[in-house]
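Next up: just one chain, as structure tokens, the form predicted on its own.
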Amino acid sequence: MRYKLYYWPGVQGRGEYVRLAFEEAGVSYDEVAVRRGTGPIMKFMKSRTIAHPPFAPPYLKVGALIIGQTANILHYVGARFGLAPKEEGGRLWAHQLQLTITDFIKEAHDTHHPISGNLYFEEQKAAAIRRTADFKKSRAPKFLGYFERVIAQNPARSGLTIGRRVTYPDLSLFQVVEGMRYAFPKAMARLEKKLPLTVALHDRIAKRPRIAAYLASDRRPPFHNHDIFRRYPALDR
């Protein structure tokens, strides 16, 4: 089966969570925009003939099936790649965790673009500073503290979010820690003192052979300030 991933080339963003699942599973995928540019992405988004058109990337094409939204893609591939529990309740729990991660990613993005994504950071800097102060004081600790508790309360006591095997929420939580360390290194250093299980999970995922190989490769786009997690010194004092 051929998997075609459509996402902006050179950007980690929401597509990175899907890439990590493919890399961990050792399943080959065609990142279309890397090979052909962004034209195919725009073609699908503007199509008037597709029955289920995607709103925005990432989306995955598998044969005639087109699946949009990161959490939805992972819900689909997780079950097929062995990155989700087999029973329905476990799959729904994994999906729930991924949706919560999606909420957190949105809040992280809105620290630097609290008014509009169509304005430059410099045009909303004052609002961004105010928004980020609350994010660091309240929202980030609340979300990350929740995942710390999820790991602690996993009945398997495996140091993972679900059961004894790595699932896609574990990979996504790894990426959240990576992004926070890039965007808010000072704030994250303080937060990590209260997140030993989350940090341990991150380190464990980073050492998994396929993930380690991916992180060291040129397939992984670098962090930069045209992404979800951005580093602005004014926001990390």
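For every residue, the number given is its place in the sequence shown, counted from 1. This structure is a prediction, so every number in the text was calculated from the model and none was measured.
Keep in mind that the form predicted together with another copy of the chain is not shown, yet the notes after this line are about it.
Heavy atoms of every residue among 68, 89 and 92 are located within 4.5 Å of another copy of the chain in the predicted bound form. Checking 189, 50, 200, 206 against another copy of the chain in the predicted bound form, a heavy atom within 4.5 Å turns up for just one residue: 50. In the predicted bound form, another copy of the chain stays beyond 4.5 Å of every heavy atom belonging to residue 179. Within this chain, residue 155 lines the site of another copy of the chain in the predicted bound form, having a heavy atom no more than 4.5 Å away. Interface residue remark: residue 35 is not counted as part of the site for another copy of the chain in the predicted bound form, having no heavy atom within 4.5 Å.
Not displayed here, another copy of the chain is kept clear of residue 210 by more than 4.5 Å at the level of heavy atoms in the predicted bound form. With contact defined as any non-hydrogen atom lying within 4.5 angstroms of another copy of the chain in the predicted bound form, the contacting residues in 111-134 are 113, 114, 115, 116, 118, 119, 123, 124, 127, 130, 131, 134, given in sequence order.
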